[in-house]
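The chain below stands alone and is given as structure tokens, in the form predicted alone.
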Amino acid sequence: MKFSEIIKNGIINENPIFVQLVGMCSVLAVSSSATNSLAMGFSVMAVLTCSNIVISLLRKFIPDEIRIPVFIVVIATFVTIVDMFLKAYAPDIYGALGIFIPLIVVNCVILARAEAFAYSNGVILSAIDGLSMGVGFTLAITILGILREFFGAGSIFGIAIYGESMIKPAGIFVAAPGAFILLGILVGIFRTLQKKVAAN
């Protein structure tokens, strides 16, 4: 498989959020602001890339019967490192993301990439796969976070976009129903564009 195909799959064809619809718990919970979304995206990207690399390195030594528990231990190790890093160097973000950092361990996309790709491919391809899937996840959750923050709080990355004279923000968009509504619209737009590009 070519590098360009792996990158295109991660960002577009098999986008974890807009196409596969995996990891929705954290996506819907933390995307109320662009900053939280970006932090979660980078956290998932780091765990995904590092776990793919380690699993690819160990794949010939992991007995098939215990591969899933081994994958989970590897993923949990990197999640713990990310958790400790955020707690030490970004306490505000750590506080905002809360329980959703440890829950990266059970994010479907990370375990799925370990099973479907890293366990059967070399280190370089696995690293590119993890990175591209992470980028796809980060882009999607950040777009959702930007829209939710803009419509729900009138700001982007904490910077006010419209002042008191404008219409008041619609608070529903920073609540759970707004997350579902905007995610549904974004999924629809993304898949429509995919079909148009495939048709040309």
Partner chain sequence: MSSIFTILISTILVNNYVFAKFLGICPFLGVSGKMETATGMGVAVTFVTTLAGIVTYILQKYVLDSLGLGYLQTIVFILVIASLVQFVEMAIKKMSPTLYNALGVYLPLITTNCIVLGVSILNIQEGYTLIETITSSVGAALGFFLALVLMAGLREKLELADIPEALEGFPITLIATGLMSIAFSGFAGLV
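Note that this is a predicted model, so its numbers are computed, not measured. Numbering follows the first chain given and starts at 1.
Just so it is clear, the following notes concern the form predicted together with the partner chain, a form of the same protein that is not shown.
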*residue 192, heavy atom within 4.5 angstroms of the partner chain in the predicted complex*: yes
_Heavy atom of residue 85 within 4.5 Å of the partner chain in the predicted complex_ = no
*asked:* I'd like to know whether residue 11 contacts the partner chain in the predicted complex, with contact meaning heavy atoms within 4.5 angstroms.
replied: no
*Close approach of residue 96 to the partner chain in the predicted complex, 4.5 Å, heavy atom*: no
*asked:* Using a 4.5 Å heavy atom cut-off, which residue among 29, 57, 139, 170 comes into contact with the partner chain in the predicted complex?
replied: 29
_For the interface check, one of 170 to 178, 127 to 135, 45 to 53, 153 to 161 should have non-hydrogen atoms within 4.5 Å of the partner chain in the predicted complex; which one?_
170 to 178
_Where, within 89 to 110, is there a heavy atom within 4.5 Å of the partner chain in the predicted complex? Residue list please._
99, 100, 102, 103, 105, 106, 108
